[in-house]
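Given next, in structure tokens, is a single chain: the form predicted on its own.
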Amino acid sequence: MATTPNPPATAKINRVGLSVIDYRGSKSTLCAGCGHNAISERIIEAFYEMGIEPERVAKLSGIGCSSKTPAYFLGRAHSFNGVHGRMPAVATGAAVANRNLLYIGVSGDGDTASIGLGQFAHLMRRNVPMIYIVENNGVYGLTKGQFSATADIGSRLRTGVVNELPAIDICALAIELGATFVARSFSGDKKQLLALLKAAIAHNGTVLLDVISPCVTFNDHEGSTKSYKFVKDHEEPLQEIGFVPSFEEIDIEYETGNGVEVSLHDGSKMRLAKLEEDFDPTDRIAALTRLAHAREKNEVLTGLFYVNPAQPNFTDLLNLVDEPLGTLPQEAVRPPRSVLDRIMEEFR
């Protein structure tokens, strides 16, 4: 496991005695200006400010530009790079085997919405406790920029080709399937993305965070609906988001009727200053309706769409022990001879 040099004596440390240097990874090999690099920086900030020890984190990914990014943050964390589209199966198995780690999976729109769509569906419906980030740029960057399944109808490639197929809305799909924390952000919106990542760390269930992350090489031109300019011009934030972790006592005042507070399982709180008068992020039907309206109006809707902190997660439903399964002694996991004999008798 890679080691990090000791921070300078003047470096600011967090509540567990680590500096931000302890949360960095290798130098990025992605294109200069890639939105994925901005996401990695926000992940570093979020874990540092939340005081999560890197050794308590497991990073998971599949194949694609996005799936390279776990190398660029939390260099001291556990890591597993899986087969294309199969990261959800690896994440599910890992979470069942050791529920003491905090799991963060990074995927792309191809890795998730094309080859990995079936696995994505089952991860969402099981409410596996993990943060699932989709770095969404609408194209396949490693294979020279073809449209992905999240590309909008009418969007245009640099070659002039126009997409004629409807896009998969990853957020709407995640809500429909059973994810308990669903949000969208933009890699260029540092404040919103950081607040959502901190809340994701505190959530005890499946977090689906769809981040529009423009591809500067293949999809950042006029005619693209995933370019920096298009997203900036068409972004519609659903609410102003603040996050207060459970280890801080901060009082924030809102005018009556203008805000809502959502408590997460660990005592942390999401504070939402409403930009829309009646939107309630705990209302599943309202979230799906608002996303549908945004698609009709060609808006890039960002913010927290849905959260349900009360839903039991997959490992709770399985009644798993707290200890990692690999550390349990044989007598705890192997049925005694008497039990096996009784089972065999039942088949006679």
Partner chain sequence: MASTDVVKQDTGSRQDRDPVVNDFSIQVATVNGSGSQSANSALMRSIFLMGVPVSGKNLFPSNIAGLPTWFTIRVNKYGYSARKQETDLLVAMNPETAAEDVRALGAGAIVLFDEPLKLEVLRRDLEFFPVPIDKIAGPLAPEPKLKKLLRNMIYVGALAHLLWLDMQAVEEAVRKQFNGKKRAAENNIAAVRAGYDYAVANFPRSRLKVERMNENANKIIIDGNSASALGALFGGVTVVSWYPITPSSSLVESLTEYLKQYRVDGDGKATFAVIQAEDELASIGIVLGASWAGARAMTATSGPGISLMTEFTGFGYYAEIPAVIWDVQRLGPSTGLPTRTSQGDLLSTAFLSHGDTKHPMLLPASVAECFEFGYTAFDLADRLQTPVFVMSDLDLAMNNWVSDPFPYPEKPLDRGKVLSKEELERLGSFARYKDVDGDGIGYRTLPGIQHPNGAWFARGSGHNEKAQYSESPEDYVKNVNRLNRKWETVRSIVPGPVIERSTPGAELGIIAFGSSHWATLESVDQLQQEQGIALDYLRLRAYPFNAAVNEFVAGHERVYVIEQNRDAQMLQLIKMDIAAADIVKLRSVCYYNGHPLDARFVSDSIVSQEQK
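The term rigid core refers to the most C-alpha atoms you can superpose between the two forms while keeping them within 1.5 Å. Numbering follows the first chain given and starts at 1. Note that this is a predicted model, so its numbers are computed, not measured.
The same protein also has a form predicted together with the partner chain, omitted here; what follows describes it.
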Problem set entry | Location of the partner chain contact in the predicted complex, chosen stretch of 30-38, 49-57, 300-308, 281-289 [non-hydrogen atom, 4.5 Å] | 49-57
For this session: Please run the contact check for N204 against the partner chain in the predicted complex: heavy atoms, 4.5 angstroms, yes or no?
Result: no
For this session: Would you check, heavy atoms only and a 4.5 Å threshold, whether R337 touches the partner chain in the predicted complex?
Result: yes
For this session: Please check if V216 has a heavy atom lying within 4.5 Å of any heavy atom of the partner chain in the predicted complex.
Result: no
Exercise. Should G17 be classed as touching the partner chain in the predicted complex when contacts are defined as heavy atoms within 4.5 Å?
Worked result: no
For this session: Could you spot which one of A77, V262, L173, A200 gets a heavy atom to within 4.5 Å of the partner chain in the predicted complex?
Result: A77
Problem set entry | Residue (of Q119, S227, S155, Q192) lying close to the partner chain in the predicted complex, criterion heavy atoms within 4.5 Å | Q119
For this session: Give, in sequence order, every residue of 85-113 that has a heavy atom within 4.5 Å of the partner chain in the predicted complex, or say none if there are no such residues.
Result: R86, A89, V90, T92, G93, A94, V96, A97, N98, L101
For this session: Would you tell me if P336 moves between the shown form and the other one by 2 Å or more at its C-alpha, with the rigid core held superposed?
Result: yes
